[in-house]
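Below sits a lone chain in structure tokens, taken as the form predicted alone.
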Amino acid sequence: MHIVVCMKQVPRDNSVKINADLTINADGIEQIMNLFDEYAVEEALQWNEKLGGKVTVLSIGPDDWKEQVRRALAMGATDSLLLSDPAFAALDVLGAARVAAAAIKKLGDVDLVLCGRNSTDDESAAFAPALARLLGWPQLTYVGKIPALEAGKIVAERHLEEVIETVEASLPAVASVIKGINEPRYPSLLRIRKVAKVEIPAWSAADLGLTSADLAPVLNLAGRVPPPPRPKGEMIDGASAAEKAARLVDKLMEAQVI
């Protein structure tokens, strides 16, 4: 069984700034493994211990993201892959899914892809469904338990707001997991030291056969700025409701609203 875990790095500090084009400004803030992706890694490791095979951690980002990839290796992942290219710097969710889908197709022998429910920075929860659509595989979202995983089939519990539903899908498939599906392990100091100098393979856009057109954002927010803050309101005083209403009408006429 070959399980791929898509891992994103996010800012440790939630008080990040928003740029004028509505992108996230995380300059100077430490990057860590996305919280929900830790649960995805742990779930992959537990099934790998039961079934054998391999667990590949896949991440998109620059070379300095290799530290968190090594953290997943220290937890027990057997393989890793960094998708790194300057062209990947401004990917939107769909673009990131295109890059990951191209890498998964190139790997070729993947049975299951696990992702976190959402990332803790943009919180769109759109990556896993987009990835499943691009791969043409079944998708299972909000997975809180996987009772069965075997050749050709996965059984999962989807933990929704008011109900838990049990679903079955054929493999290969994409599943996004929630917090509480397991308890992520802490890597031992010995394993951290062991993987400290492990070489992380890296693939570029050219390696994946992707062009600039494939990576263009669906919605271009360049030049768009947040609206100015609303002016403070004015309280209308008066001895009675009728007097307040009359003064309000006068104000609106002065402002040429009516």
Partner chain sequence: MNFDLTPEQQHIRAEVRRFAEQEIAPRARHVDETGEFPAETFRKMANLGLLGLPFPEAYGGAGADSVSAAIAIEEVARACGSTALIYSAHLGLGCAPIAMFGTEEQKQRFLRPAAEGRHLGAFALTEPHAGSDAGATRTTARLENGHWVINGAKMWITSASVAGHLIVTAVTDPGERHAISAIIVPAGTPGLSFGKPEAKMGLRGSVTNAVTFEDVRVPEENLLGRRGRGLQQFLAVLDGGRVGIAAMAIGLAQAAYETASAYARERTAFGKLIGAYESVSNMIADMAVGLEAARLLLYQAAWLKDQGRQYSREAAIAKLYASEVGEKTCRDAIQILGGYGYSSEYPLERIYRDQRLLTIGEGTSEILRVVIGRQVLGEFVGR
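Here the structure is a predicted model, which means the values were calculated and not measured. Numbering follows the first chain given and starts at 1.
Only in words, not in the display: the form predicted in complex with its partner chain, which the text now covers.
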Report summary line: Of the candidate stretches 104 to 112, 148 to 156, 90 to 98, 179 to 187, the one with residues having heavy atoms within 4.5 Å of its partner chain in the predicted bound form is 179 to 187
**Report entry** Contact assignment for its partner chain in the predicted bound form, among A202, V198, L51, I192, heavy atom within 4.5 Å
**Finding:** I192
Query raised in the report: Should the three residues E38, E67 and R70 be counted as contacting its partner chain in the predicted bound form, with contact defined as a heavy atom within 4.5 Å for each?
Result: yes
